[in-house]
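Before any questions on binding or motion, here is one chain by itself as structure tokens, the form predicted on its own.
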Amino acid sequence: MNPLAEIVAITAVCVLSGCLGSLLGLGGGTFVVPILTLAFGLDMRLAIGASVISVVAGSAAASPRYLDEGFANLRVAVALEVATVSGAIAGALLAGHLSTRALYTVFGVVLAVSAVQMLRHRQDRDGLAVPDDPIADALSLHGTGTGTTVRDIRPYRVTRTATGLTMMTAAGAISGLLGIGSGAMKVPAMDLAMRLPIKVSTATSNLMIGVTGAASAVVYLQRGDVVPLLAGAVALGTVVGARIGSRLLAVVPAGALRVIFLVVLLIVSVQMLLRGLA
């Protein structure tokens, strides 16, 4: 494959990656690195550098629509981002002192458990009252989100903010340790612990990913791990896909979105386990 055709192919694939990442709140970077390394044979460093840029681009493309349509909860994002960034800094400092294989294995197990918990407990708690949370009340984290359609406005209450902050700190730490996006842990944290609607969880996660990705991008740029042509192609495809994903979120049923997220979560967990055990 000649270089021009390869760039076009990468851009096209990243459209699908960006769409799925935006729709699920994972960020396109979750899929970009495996695609670039396995399908196109690129060096891991360059793939990660391009992935980080794509995360920022995809989040920037999708977040305005999520905010305008009332999906993303800005107050929740700001509150949780403090914990995520703190965890990411701690994880980056510990990165050189812990076994990578062990971390991949633990991360895979955590994702698999999260998927099972989301599938089981969320169904059991549907229709039950949300426990009061003084922290959420003090920070005014409660909000309204849309249901099946944009006009279907439903209020929701946030709970267990302290638990959510703890899980976000862990998500940030794993992100800093492994150099991956932590959207696969952010959505379960908001969905399971804080009881946010699934669409609000994915949209808020997408908003948060852009902030943490921007900090990481500076490091990769300084290291010279970002190839402009490759990063531009990946970012372009991700932006187009993210815009499509942000439009689909308004029409995709919450039940179907949960099923898609659980399937992707299990696939990513298996990939992490294989890396840890290989």
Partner chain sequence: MKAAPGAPEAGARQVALVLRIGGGLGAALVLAGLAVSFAESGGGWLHGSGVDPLGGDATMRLSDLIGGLRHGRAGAIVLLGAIVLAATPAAGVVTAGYTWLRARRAWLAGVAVVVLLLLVLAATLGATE
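The term rigid core refers to the maximal set of C-alpha atoms that superpose within 1.5 Å between the two forms. Here the structure is a predicted model, which means the values were calculated and not measured. Positions refer to the first chain, counted from 1.
From this point on, the text means the form predicted together with its partner chain, which you will not see here.
- Proximity to its partner chain in the model of the complex, taken as a non-hydrogen atom within 4.5 angstroms, holds for one residue of V227, I244, I48, I35, which is V227.
- Each of L67, S86 and L221 comes within 4.5 Å of its partner chain in the model of the complex, counting any heavy atom.
- In the model of the complex, its partner chain lies farther than 4.5 Å from every heavy atom of L103.
- Contact check for A214: a non-hydrogen atom falls within 4.5 Å of its partner chain in the model of the complex.
- In the model of the complex, V109 stays away from its partner chain, with no heavy atom inside 4.5 Å.
- Although the partner is absent here, L24 sits far enough away that none of its heavy atoms falls within 4.5 Å of its partner chain in the model of the complex.
- With the partner left out here, its partner chain still marks one of 190 to 198, 167 to 175, 73 to 81, 109 to 117 in the model of the complex; by a 4.5 Å heavy atom cut-off that stretch is 73 to 81.
- After superposition on the rigid core, the Cα atom of E69 is displaced by less than 2 Å between this form and the one not shown.
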